[in-house]
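Take a look at this single chain, the form predicted alone, given in structure tokens.
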């Protein structure tokens, strides 16, 4: 087994303490190291995607302790896709934070950012529930600091809510882990899947309770209704680059729902096979509706962007909840699209707010502001990406989902909600755009705004994210082929467990 598999975890784990201990007050060196680290993570992700595309599930046993006794990292097409998505987003956010000067507002921005990468990459690679909990906590502790970076009363108030909600989630996570360990005697997901299929009938109740509680914790992380209430205020209160980065954190929840359900409650679980599935679809449909109604009712761009994240998570999880290779492949096409589209929307909102001075990002007419033409174009492209209109990848993403769920139980409900919320989203963004640009063009007066920081560089970051969405459309054939193979690999009986539990090389 190649040692490259551990590198996405090891690299940020080394960079973070180096910057914290030796570069705390050396901003330029920290910037160079952070951007270099993000570029290295992107290169590593590309290498691992190429390795995963062979179709072989690879494992890395830390300290040469084999599963189920040791910490095992697992690489397949799904985890490689998540690593690549995270690396691209991290690089874009880091560049934006540097060119806009966000990282100047505190000495710990760059170490916290690397700890965030450690938690995210570890969560996507680990094959063990307890270590998933550990990586969750690393990720969440870092996100607390990043969310509060820059200060402000509203940010602190939202941060307290964010901390409390996630502490509750962490507690429930441990309760679920305790129930599952007590009944199966293991925390390795592949080993747990085997034990659940062999469990006596008397343990089924506790196993189901632990499994459903675990999925509920992941649903909290993914902001699935009715556990979505924390997200709009949190994402709208933090800085735009951090909200853009946090777009991947909801996808961690969706990834964990998919991975945990298919590995532990898949076909091998006997009577308990696919136990979480009946609860996911209604929750996903409700999330879609709540999210896009929130988009329609938003009074500023930050809340509009935050509610769009909620709505897109409903769309994503509705496809995952069908649990077929085709629907999962469609969901995985939509996953990076929704991540980059939401990130671009937060950054565009930040650019508009910087130029509108006292009007900020409030959806009300204002006098014409500097570079309104360029930003109107970026906002238009970002809006059609979030809503899911051609030519960007949201349109084929939604078409793939609709085609994949057509014959599934509840498929027509998914059709109705996706088409209905698309119309709601279209109306909401049309209202926002006309207010910000058309009505503002007819409003007399003068904007008294501070000069925008690095306007060209920050706009290029947004343009880069939108270019990726265009590339997803243009390269739809190869991307779909990879994702179809990913869907087949996820549901291939015994493939994941056989690779994890088989003897092999360690670290």
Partner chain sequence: MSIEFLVATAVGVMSAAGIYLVLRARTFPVVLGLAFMSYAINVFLFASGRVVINQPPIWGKDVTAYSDPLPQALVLTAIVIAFGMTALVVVLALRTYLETGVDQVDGLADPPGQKPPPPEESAVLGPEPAAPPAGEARR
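In this text the structure is predicted, and so the values were computed from the model without any measurement. Positions refer to the first chain, counted from 1.
From this point on, the text means the form predicted together with the partner chain, which you will not see here.
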{"property": "Proximity of residue 133 to the partner chain in the model of the complex, heavy atoms at 4.5 Å", "result": "yes"}
{"property": "4.5 Å heavy atom contact, residue 175 to the partner chain in the model of the complex", "result": "yes"}
{"property": "The partner chain contact in the model of the complex: residue 137, any heavy atom under 4.5 Å", "result": "yes"}
{"property": "The partner chain contact in the model of the complex: residue 419, any heavy atom under 4.5 Å", "result": "no"}
{"property": "Proximity to the partner chain in the model of the complex, single hit among 430, 399, 209, 141 (heavy atom within 4.5 Å)", "result": "141"}
{"property": "Option touching the partner chain, based on a heavy atom within 4.5 Å in the model of the complex, out of 160, 277, 296, 362", "result": "160"}
{"property": "Segment that reaches the partner chain in the model of the complex - one of 333 to 341, 313 to 321, 386 to 394, 175 to 183, heavy atoms within 4.5 Å", "result": "175 to 183"}
{"property": "Stretch 230 to 256: residues contacting the partner chain in the model of the complex, 4.5 Å heavy atom cut-off", "result": "233"}
